[in-house]
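Okay, here we've got a single chain as structure tokens, the form predicted on its own, with questions on binding and movement later.
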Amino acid sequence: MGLSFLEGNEAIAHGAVAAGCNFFAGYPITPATTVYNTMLSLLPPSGGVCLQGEDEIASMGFCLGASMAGKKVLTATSGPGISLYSEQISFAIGSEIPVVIVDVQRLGPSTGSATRGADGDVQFLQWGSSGGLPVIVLAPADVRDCYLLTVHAFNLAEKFRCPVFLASNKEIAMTKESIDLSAIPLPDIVERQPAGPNQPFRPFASENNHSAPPFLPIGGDTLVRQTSSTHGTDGYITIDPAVIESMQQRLDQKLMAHVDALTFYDTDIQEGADTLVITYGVTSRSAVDAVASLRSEGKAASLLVLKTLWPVPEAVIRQLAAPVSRVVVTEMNMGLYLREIERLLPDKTIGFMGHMSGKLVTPHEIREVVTNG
């Protein structure tokens, strides 16, 4: 492809195509619409489908239906759209329907400020569906991440048969950067494990309690049952407590038993540092600058940039925080991920820099908290 000048939304679309995405449905919403616009230019020429639903609910329904038929699907929206997606996100979790969902976050609550960024949805993405089961949420920091993490998102959705969120942000989504996508090494592309041809098909029967079931598409030669209600391995609705509990435990463990495989992050560790800055998303760019500035002044500091927010990469956070006595969390909200760090590191002094005003967290603000508490 060579050197290009792309915004984050465009890079997500190119990443989706690189991952094998062949179906997109969405509804225009600032600041996510250019994902749809770019998919509209990329998918039809290659035989894919790109369409606009009459609203967010219909668009998400189109995606789930296409995924059940075997398509690799993408949708993109912002906070108000995620609210409308909620019921069908629960359907995708409970019935193991792969889908990649881009949430280009803007300042909320409600319609908020359509042209201002924030990271105010990160708890909502984890807990915005009924049942309390885990989901995967990846957080890009720049255009390169938007491309690469989209490929990872599709791989994870296919492997674990679940929704995977990309928690982007207006500032990343609509900022253009020079990038050569062809120079970015990509992981091998993952496809859903197909069911064997010589055995009775049970649509929710997995090999063990830590894996997703093999897949056959609805509309093929084999009858495939699908339901949004509690069900057994055969796809029939059940109220048997033992069967329900077994299925719920597998939905939990197919992700929680593989947290290391879901975890992406960057570090910049300085030996002897007593402070670790933890951040994610667009704020990580200010944190990189702040840590570099502190070091130029002779003040040691280390940095952890999380690219996976959910499931929480607990082992990584504890390991990197072990040598320090103080942790500073910085994010573009009022402390949503701070709560997870406080839970994991009760023996550490925790500082925080964040706000939700529509303005970016600046390097100076981070330096002030690190230096003065």
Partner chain sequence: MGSFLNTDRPPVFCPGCAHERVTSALDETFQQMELEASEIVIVSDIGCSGLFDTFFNTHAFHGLHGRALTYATGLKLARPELTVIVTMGDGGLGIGGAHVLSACRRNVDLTLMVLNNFNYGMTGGQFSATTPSDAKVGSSFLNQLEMPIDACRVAASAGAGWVMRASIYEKHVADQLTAAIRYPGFSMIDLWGVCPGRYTKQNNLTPKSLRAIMDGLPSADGPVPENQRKEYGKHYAEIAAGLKPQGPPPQIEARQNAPDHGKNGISILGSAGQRIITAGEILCLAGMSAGLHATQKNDYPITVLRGHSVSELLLSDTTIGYTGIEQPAVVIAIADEGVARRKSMIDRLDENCLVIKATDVDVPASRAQVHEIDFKAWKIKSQDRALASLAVLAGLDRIISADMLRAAISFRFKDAIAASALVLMDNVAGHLAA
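Computed from a prediction, not measured in an experiment: that's the story for all the values here. Positions refer to the first chain, counted from 1.
From this point on, the text means the form predicted in complex with the partner chain, which you will not see here.
Proximity of 14, 177 and 217 to the partner chain in the model of the complex is complete: all three residues have a non-hydrogen atom within 4.5 angstroms. Of the candidates 258, 295, 192, 225, 225 is the one whose heavy atoms come within 4.5 Å of the partner chain in the model of the complex; the others do not. The partner chain in the model of the complex comes within 4.5 Å of a heavy atom belonging to residue 52.
Using a 4.5 angstroms limit between non-hydrogen atoms, residue 363 touches the partner chain in the model of the complex.
Proximity of residue 269 to the partner chain in the model of the complex: non-hydrogen atoms within 4.5 Å are absent; the residue sits far from the partner.
The partner chain is not drawn, but in the model of the complex it has a heavy atom within 4.5 Å of residue 229. Of the stretches 98 to 106, 168 to 176, 295 to 303, 271 to 279, only 168 to 176 has residues with a heavy atom within 4.5 Å of the partner chain in the model of the complex. Residues 23, 41, 42 of 17 to 43 are found to place at least one heavy atom within 4.5 Å of the partner chain in the model of the complex.
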